[in-house]
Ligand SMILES: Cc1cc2nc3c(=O)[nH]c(=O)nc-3n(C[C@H](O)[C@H](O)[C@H](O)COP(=O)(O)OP(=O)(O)OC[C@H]3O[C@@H](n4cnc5c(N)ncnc54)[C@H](O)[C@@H]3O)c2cc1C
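Consider the single chain below, provided in structure tokens and representing the form predicted alone.
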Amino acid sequence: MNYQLSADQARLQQDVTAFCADVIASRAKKLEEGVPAERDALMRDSLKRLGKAGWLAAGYGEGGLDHVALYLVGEALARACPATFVSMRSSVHLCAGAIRLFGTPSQKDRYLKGLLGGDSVGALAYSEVQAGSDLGGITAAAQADGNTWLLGGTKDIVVNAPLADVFLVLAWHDRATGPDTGMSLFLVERSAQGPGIVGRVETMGLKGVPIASLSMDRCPSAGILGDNPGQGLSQIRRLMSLGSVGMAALGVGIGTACMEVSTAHAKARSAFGRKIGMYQDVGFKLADMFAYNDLGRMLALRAAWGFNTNDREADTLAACAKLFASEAATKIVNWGMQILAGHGYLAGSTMERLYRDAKFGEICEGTSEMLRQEIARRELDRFEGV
């Protein structure tokens, strides 16, 4: 097996890392401060800058999605600013990614250029208060009115809702047939008759991510994704499986940022006549941080390569990558907090922000418990009859 990135991949990694360090990293702290309108404007500007530089379109080739390229861009962005990564991922990996995978040619022509160029922002609205992981419990529904579908209901915790120009909304179109064939993803554009943005929320970490609920009352849809009713639940499941690599990128990016802060502190701070990095209690933590983070990166790239090559184990590998990298990130930031001690615990410090941001990976888009169940089920199926 060749564990080396190709020349093009290595160049992409180097260039996007440099761009994010130069343009995006300095905005991470600013996205924690100020009123929501100011943070929203800064986030939209960051997405536009990423789009104009070509990083949002990286991985979106004519032949299909390049998941290794998507991962490399994602890790670099998460390292510089986890909040910007989460907003970008909702707009590009989830919304634009779904349109790229499942949309009709006319839908791709209408939406992809703006989303990948950063001129427009996308959002995926699927969960509800009473239906988080259990998507069969959603209540949002669409009714046909001539050639138009009118949506009603409320979507909960929608990333990018305050900014989004286009939404993908999971809703029933035919309850009688059940969730597997009775749900569709509806394209909804922000307009005078569009969805209402209500109940904006503040989160423990990733404070720069614009999040709110989506309220719809006879909200007109621009059509069903792919113009093929009944595929909504399977499309969401596919997105979540592919998206596990992106969530692994978030964990590894946060882990890398934490390692940089911790190593710099261990080199600069002295205690009892020695740099604290020379003490085993600190040095061993740094070693464990590197090992965990590198393993997370290897698992994620292995899963991304699996998706690129249609490996039948790719879905399981992606679940393993997301599970390991997200839990590794919380371990790494905890070790980093121990190394920085009181200096890391200060409000407004980089370590304090990373400590809050890291937890998101373990509870988002499949909790660690759910991923373990999924991996175990696939492992049991693999050895059925043994």
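Heads up: residue numbers just count along the shown sequence, starting at 1. Given the structure is predicted, the values throughout are model-derived calculations rather than measurements.
The same protein has a further form, the form predicted in complex with this ligand, not shown here; the description that follows concerns it.
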Tell me, please, which stretch of 103 to 111, 144 to 152, 263 to 271, 117 to 125 lies within 4.5 angstroms of this ligand in the predicted bound form when heavy atoms are compared?
117 to 125
With the partner left out here, check for me: in the predicted bound form, does some heavy atom of residue 373 sit within 4.5 Å of this ligand?
yes
Tell me, yes or no, whether residue 14 is in contact with this ligand in the predicted bound form, where a contact means a heavy atom of each within 4.5 Å.
no
This ligand contact at residue 157 in the predicted bound form, heavy atom, 4.5 Å
yes
Does residue 308 reach this ligand in the predicted bound form if we count a contact as any heavy atom within 4.5 Å?
no
Please identify the residue among 177, 203, 139, 215 with any heavy atom within 4.5 Å of this ligand in the predicted bound form.
203
Just one of 222, 98, 301, 211 has a heavy atom within 4.5 angstroms of this ligand in the predicted bound form, so which one?
211
Across 357 to 380, which residues bring a heavy atom to within 4.5 Å of this ligand in the predicted bound form?
360, 363, 364, 367, 369, 370, 373
